[in-house]
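The chain that follows stands alone, in the form predicted on its own, written as structure tokens.
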């Protein structure tokens, strides 16, 4: 019996698990212990908050409310007693559990550079809502900002600060931006696009140290240069927060090692989200974290005691004002796995456009689409479903519509098959949206509330609105 479930962490993974358990109406008493003092919030939207496009209430996630769920914020768990099946908190309390779920997330990596221990006031990591508040406070009255790290989050932070009117330079030690998702050509095109938007880049030069005082902050580089600014934002990656698990004697490698049911080496303790390591891999993304939360809820509530987590292909999106990027699969220069690979590329740096497709056995194994490409919706669907690519590859590379799947989500929802995934974060299909519409959810907000579509990264909101408009115009005939 799992009468008492404790969830450690009230981020995007922990809050989703609490909601999943509450929705199942089981017999569990669920206690959520969150170290941060805030309501659960959408970490993905922090860069949009930084840019001033939304306000703090807009990043809050829906609260879990109702009998059987006790949410306590500002309470940090300090120890796990596996023998007594208890957790201890920093306020002196002890909480017994029948099943414990670790959703402790990850922490921003602070590089071991001289001048960063302790962190100066003008140097801020970009990871949490409090970090975002500190950056915004430091940006008031500032003219120049440096961002250390040219990955996805660093570029989103840079774009947000430019939107605030700051002069921004991104410093990245690798030869091109977003090297985990992009090849060098795509990285160069992206750098050009960013330059046109007011973001300068300094590449292939490691930082050597930081000096900060009342007048500003200076970042030393390995080539002897020193860059000055009013603010330095650190975006140097994250590290799974496994301290509690390790101290409790659980098996920990890079993350808390879990099986297909998200159980740790102690079967009464599960781990989900950033802190979990499944099949040797970390996730770091919201889509797999929410899928893992669903599996744990199914197991604990008894809906499906044999439920297993199966990772799905991951699509990385960078969608900010002036930038539209989608990267998926093995689109970089690695050899890939399997037989011969068909490669197609197109580049138009002057227009900020780049496309690269990798095809094996008539299926997409990877893609990079940067710039205005109407085929991005089609490419994502083909990759996500493992469907056969069209004979005319140019339709994907250059964006000309083809076949029965629209080149853009809003082009013609009537042509989308019911199985087409509209919301990647929550795995919501067009068919599920049609069913909810017919059940009475007749607005975008109602469809989102019923299915959770659009509550993750927000990238599908336009597609969701297009489907709602189409549904409002005529009762559709289901297609498959």
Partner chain sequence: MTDGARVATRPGVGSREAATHCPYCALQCGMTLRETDGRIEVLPRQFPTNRGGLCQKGWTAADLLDHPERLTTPLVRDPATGEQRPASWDEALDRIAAGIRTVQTGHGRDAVAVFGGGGLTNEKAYALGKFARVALRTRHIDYNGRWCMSSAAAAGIRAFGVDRGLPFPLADLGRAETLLLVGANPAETMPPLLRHLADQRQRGGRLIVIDPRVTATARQADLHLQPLPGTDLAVANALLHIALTEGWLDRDYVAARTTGFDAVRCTVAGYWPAEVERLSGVPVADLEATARALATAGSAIILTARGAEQHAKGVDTVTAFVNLALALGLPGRPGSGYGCLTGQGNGQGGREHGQKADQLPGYRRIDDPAAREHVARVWGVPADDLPEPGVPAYRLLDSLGTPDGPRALLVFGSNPVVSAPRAARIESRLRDLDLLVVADFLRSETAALADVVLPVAQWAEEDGTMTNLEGRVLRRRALREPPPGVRTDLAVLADLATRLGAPVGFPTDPRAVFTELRRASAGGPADYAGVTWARIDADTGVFWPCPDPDGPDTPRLFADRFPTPSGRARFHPVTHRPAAEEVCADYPLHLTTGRVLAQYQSGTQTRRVAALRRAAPGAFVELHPDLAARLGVTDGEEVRVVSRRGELRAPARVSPTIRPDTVFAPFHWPGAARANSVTNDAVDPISGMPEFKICAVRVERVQS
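Between two forms, the rigid core is the largest collection of C-alphas that superpose within 1.5 Å. Positions refer to the first chain, counted from 1. No experiment lies behind these values; they were computed from the predicted model shown.
Only in words, not in the display: the form predicted in complex with its partner chain, which the text now covers.
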Quiz item: Mind checking whether each of 101, 241 and 264 has a heavy atom within 4.5 Å of its partner chain in the predicted complex?
Solution: no
Quiz item: Out of the stretches listed (374 to 382, 70 to 78, 274 to 282, 90 to 98), which one is close to its partner chain in the predicted complex, meaning heavy atoms within 4.5 Å?
Solution: 374 to 382
Quiz item: So which of 432, 44, 35, 441 gets a non-hydrogen atom within 4.5 Å of its partner chain in the predicted complex?
Solution: 44
Quiz item: Among 201, 287, 128, 193, which has at least one heavy atom within 4.5 Å of its partner chain in the predicted complex?
Solution: 287
Practice problem: State yes or no: in the predicted complex, is some non-hydrogen atom of residue 134 no more than 4.5 angstroms from a non-hydrogen atom of its partner chain? | Solution: no
Quiz item: Does the 4.5 Å heavy atom contact test between residue 391 and its partner chain in the predicted complex come out positive?
Solution: yes
Quiz item: With a 4.5 Å heavy atom cut-off, would you call residue 39 a contact of its partner chain in the predicted complex?
Solution: yes
Quiz item: Heavy atoms within 4.5 Å of its partner chain in the predicted complex: does residue 61 have any?
Solution: yes
Exercise. Could you run down 416 to 433 and flag each residue that has a heavy atom within 4.5 Å of its partner chain in the predicted complex?
Key: 424, 425, 426, 427
Quiz item: Can a Cα shift of no less than 2 Å be assigned to residue 12 between this form and the one not shown, given superposition on the rigid core?
Solution: no
